[in-house]
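In structure tokens, one chain follows: the form predicted on its own.
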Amino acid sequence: MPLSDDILKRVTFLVGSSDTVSRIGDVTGIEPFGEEVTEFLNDVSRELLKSPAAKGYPDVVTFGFWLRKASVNKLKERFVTDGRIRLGKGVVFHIAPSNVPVNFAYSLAAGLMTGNANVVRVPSKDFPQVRIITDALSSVLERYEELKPYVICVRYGRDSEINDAFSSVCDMRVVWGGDNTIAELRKSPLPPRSGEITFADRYSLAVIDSDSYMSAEDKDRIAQDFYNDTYLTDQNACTSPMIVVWTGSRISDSQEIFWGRLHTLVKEKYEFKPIQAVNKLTKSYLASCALDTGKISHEDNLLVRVEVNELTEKVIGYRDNSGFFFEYACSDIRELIPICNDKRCQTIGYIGDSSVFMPLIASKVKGIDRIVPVGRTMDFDLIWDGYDLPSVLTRTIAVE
């Protein structure tokens, strides 16, 4: 379906215009990590890091740091190493998740770094972070005329005709969101030579070695790191731990201090809605009926903990968000196999020594794409969910 005037008038442009996007099919891929793109991203970084509005949103500030020239050049060093000739695939159509404000920006930046023109559907919810970032992009683009066709951000409601139109002109489609979102987008055909990357429903966990935690000097910093991993996105991000696994010899002491400091932080910072309390209370009761549970802690609904006596795949079906955690005391890391032997298992955030996970990996579980320290589960990388994005979003020209 062509990008007709009837289609485009149903689209709101946050970056770019209907005139620019109507000619998107003529745009070609460029060199990955090119100098102009690197300078553009660095200028966006400066715009965000000096913005008073951005300072109130740690996820925006983190994104700004990620765009710095030094950061992008490090990525270039990692991924442009073999001397082969590569160009961006062409046009990438991104569908961002509805519940993670800044994800759209990382997806856009990944597409741009790899030499592609990008049409990004931002979340339909009017997150302040989306407006801060798109305003910065639009402002900086005024100094980069040649890059205007490569940076387009749109917003529209559920509309299969618009999905059809953007899908019909893209060389790659990148779909973030739940399984239902992916199923809906796959109703929109792609051109024969076009490809697709999908980031489906995932879940994550944290493993905390109690001895390492008790010996840590800055426990307030750990609480802040865990808060950033979870509450900043209402625990909706696929990287946000929904199970906390405890190991070591000082579990009881660690739990008391860890959850106490986190609760203090949540009470101070988190904006809580009554519906979240209802949902968490309901889910905790359902879990207690269906699972082998121990103590359930929810003194004021800001932080709900459900102790489970066994980690099984059934636990995943009762997860919730906004500060809802299952807890498990573990004596052997291989006890995690039932919840990690699932392709939906994405990230393990840890406090302690990452080498303890080697027996779990050696068991050849189907899940686990990332093992990172607590506080870094939200850190975006160009290898994500097992995809090497610089390889997938570029084409290689063979010259003999």
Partner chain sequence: MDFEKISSIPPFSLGKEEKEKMLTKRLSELTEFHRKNCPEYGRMLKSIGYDEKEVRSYKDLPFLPVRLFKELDLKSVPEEEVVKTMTSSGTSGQAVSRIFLDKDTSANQQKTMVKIVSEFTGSSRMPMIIIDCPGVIKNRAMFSARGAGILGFSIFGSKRIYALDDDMKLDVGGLREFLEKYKGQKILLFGFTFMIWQFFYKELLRLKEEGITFDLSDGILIHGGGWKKLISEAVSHDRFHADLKDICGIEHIHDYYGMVEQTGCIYMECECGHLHSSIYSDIIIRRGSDFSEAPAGEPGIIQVVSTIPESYPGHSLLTEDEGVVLGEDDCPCGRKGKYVKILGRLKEAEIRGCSDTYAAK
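For the two forms, the rigid core is made up of the largest set of C-alpha atoms that agree within 1.5 Å on superposition. Residue numbers count along the first chain shown, from 1. Only a predicted model underlies this, so the values are computations on that prediction, with no experimental measurement involved.
Just so it is clear, the following notes concern the form predicted in complex with the partner chain, a form of the same protein that is not shown.
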Counting only non-hydrogen atoms, choose the one of 247 to 255, 135 to 143, 203 to 211, 177 to 185 that falls within 4.5 Å of the partner chain in the model of the complex. 177 to 185
Does every residue of Ser98, Asn279 and Asn301 put a non-hydrogen atom within 4.5 angstroms of the partner chain in the model of the complex? yes
Considering the partner chain in the model of the complex, which of Asn73, Ser160, Ser288, Thr264 comes within 4.5 Å of it through any heavy atom? Ser288
Between the options Pro191, Gly260, Pro128, Gly294, which residue brings a heavy atom to within 4.5 Å of the partner chain in the model of the complex? Gly294
Might Pro274 be said to contact the partner chain in the model of the complex, defining contact as any heavy atom within 4.5 Å? yes
Would Cys330 count as a contact of the partner chain in the model of the complex, using a 4.5 angstroms cut-off between non-hydrogen atoms? no
State yes or no: in the model of the complex, is some non-hydrogen atom of Leu112 no more than 4.5 angstroms from a non-hydrogen atom of the partner chain? no
With the partner left out here, check for me: in the model of the complex, does some heavy atom of Ser107 sit within 4.5 Å of the partner chain? no
Near the partner chain in the model of the complex, with a heavy atom at 4.5 Å or closer, the residues from 322 to 340 are Ser322
With both forms fitted on the core, give yes or no for whether the Cα of Pro58 moves by 2 angstroms or more between this form and the one not shown. yes
